[in-house]
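Read the single chain below, which is given as structure tokens and is the form predicted alone.
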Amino acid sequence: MRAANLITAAILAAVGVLVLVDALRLGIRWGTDGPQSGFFPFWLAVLLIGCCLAIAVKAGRRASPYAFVTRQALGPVLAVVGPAAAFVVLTQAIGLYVAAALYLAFYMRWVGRHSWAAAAGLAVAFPVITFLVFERWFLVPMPKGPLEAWLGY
């Protein structure tokens, strides 16, 4: 388990460094019209790197004789990782907002076993609110797809 924690922390820290470098390229300051595009990713990357360092330090201090994951526990983990990976891939093809709606609907309905009404309501409300906050309020462009282009954004 110690090796798994250290490897996971190293991989996530590398992702954090990648995001941090790209956020610096985009600009991390607060301008007259709001935060620059890299502001929020920069601080999320700093938080991610800090958490990875804490995990690495904690894993380095103690070793555990138990396995990282059992076969019984792997199923629920894959039920979370699979839709999340599909969300990332779909974001590139159909945009963040539509991919988020599909991800939320799938996750709430099939994994969380919520009603169709609750899944559909949140799947529509969350991307709309996120769109208004980022696109209208913060003026931060997010990845868009054909639906947003059809709507004129």
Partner chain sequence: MGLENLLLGFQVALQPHNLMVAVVGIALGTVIGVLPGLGGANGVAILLPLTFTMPPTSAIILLTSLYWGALFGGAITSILFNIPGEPWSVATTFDGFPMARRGEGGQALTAAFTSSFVGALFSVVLITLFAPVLAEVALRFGPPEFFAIQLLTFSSFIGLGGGSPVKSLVSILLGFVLASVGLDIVTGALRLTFGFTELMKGFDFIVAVIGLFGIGEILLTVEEGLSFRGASARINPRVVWETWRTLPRYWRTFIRGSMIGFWMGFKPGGATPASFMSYAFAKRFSRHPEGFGKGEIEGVVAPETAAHAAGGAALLPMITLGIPGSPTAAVMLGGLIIWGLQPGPMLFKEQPEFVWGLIASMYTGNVIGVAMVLLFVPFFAAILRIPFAILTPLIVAVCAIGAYSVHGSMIDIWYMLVFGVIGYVFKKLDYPLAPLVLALVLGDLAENALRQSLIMSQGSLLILLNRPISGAITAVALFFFALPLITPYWRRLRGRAVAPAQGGS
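Note that the rigid core is defined as the largest set of C-alphas that superpose within 1.5 Å between two forms. All values derive from a computational prediction rather than experimental measurement. Numbering follows the first chain given and starts at 1.
Beyond the structure shown, there is the form predicted together with its partner chain, which is absent from this document and is the topic of what follows.
Contact annotation: of the candidates 63, 57, 89, 117, the single residue with a non-hydrogen atom within 4.5 angstroms of its partner chain in the model of the complex is 89. Put simply, residue 143 is close to its partner chain in the model of the complex: some heavy atom of it is within 4.5 Å. Contact check for residue 108: a heavy atom falls within 4.5 Å of its partner chain in the model of the complex. For the chain shown alone, residue 25 is a contact residue for its partner chain in the model of the complex, at least one non-hydrogen atom being within 4.5 angstroms. Put simply, residue 124 is far from its partner chain in the model of the complex: not one heavy atom of it is within 4.5 Å. Residues 68, 69, 73, 76, 77, 80, 81 are the ones in 66-81 with at least one heavy atom within 4.5 Å of its partner chain in the model of the complex, listed in sequence order. Residue 91: CA moves less than 2 Å between this form and the one not shown after rigid-core fitting. When the rigid core is held fixed, the Cα atom of residue 7 travels 2 angstroms or more between this form and the one not shown.
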